[in-house]
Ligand code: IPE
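To begin, one chain is listed below as structure tokens, in the form predicted on its own.
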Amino acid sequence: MLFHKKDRGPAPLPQVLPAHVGIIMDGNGRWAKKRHQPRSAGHRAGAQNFRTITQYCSRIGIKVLTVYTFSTENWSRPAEEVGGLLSLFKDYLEEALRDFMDENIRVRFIGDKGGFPPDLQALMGRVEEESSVKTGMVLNLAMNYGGRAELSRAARRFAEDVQAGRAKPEDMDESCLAGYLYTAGQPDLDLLIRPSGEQRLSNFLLWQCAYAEFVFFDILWPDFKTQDLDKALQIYASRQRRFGGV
């Protein structure tokens, strides 16, 4: 179901919250175009909104938040835009080391970090290390991430373990495979939110989304507010999750 701007309004928090929320942050470029601004302005506005929504999720008690920050397909964008995004990531991580660490949030990066410049990889490592003592919400930043690439990586790692004698082919089942994913040890996705009006997964958490509830909004990401998140949480709470049963 697609919710439009006219559907927005106050929505009290439900008593039962999803443990794991995923957000596809979409619409930054269109937001900027509507305002006759460069796409980079949209990405900056989106980054600021990401901070707001992340802190709100932490405050209300979400256990795991995974946000789609940069996909494996995003490298095909114009070089100037990619460069601007990498610069924005660097600024955010430096800010995180300076200010964001006051939040009780553990930051993890999922995806192929080796695809990024060495200085950005080093910043990722520092953020992960310095936030590792946090006991609150886990924030997964999906960077250079693709769901198919994650599954391919998991299969390759299991094959390497079999070849090395650390595993046997008959060990493979759903639980085993899940242990080779970036999100090993975390609950599967409960709720997937996508602003911008698009209604597709875009290669995001394909395995983890098996029984997730989807909520789509016709709102560009920089305009997505905490009350919109509250509405998504209410929609989630109103649905009956049968997991294939009756």
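These numbers come from a predicted model, not from an experiment. We number the residues from 1 along the sequence you see.
Just so you know, the form predicted together with the named molecule exists too; it's not on screen, but the next bit is about it.
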For the interface check, one of 75-83, 147-155, 108-116, 169-177 should have non-hydrogen atoms within 4.5 Å of the named molecule in the predicted bound form; which one?
75-83
Position in contact with the named molecule when the complex is considered in the predicted bound form, options 30, 44, 63, 51, heavy atoms within 4.5 Å
30
The named molecule contact in the predicted bound form: residue 202, any heavy atom under 4.5 Å
yes
Quick one: is residue 24 in contact with the named molecule in the predicted bound form, heavy atoms, 4.5 Å cut-off?
yes
I'd like to know whether residue 183 contacts the named molecule in the predicted bound form, with contact meaning heavy atoms within 4.5 angstroms.
no
For residue 216, is any heavy atom within 4.5 Å of the named molecule in the predicted bound form, or not?
no
Using a 4.5 Å cut-off on any heavy atom, which residues of 62-77 would contact the named molecule in the predicted bound form?
68, 69, 70, 71, 74, 77
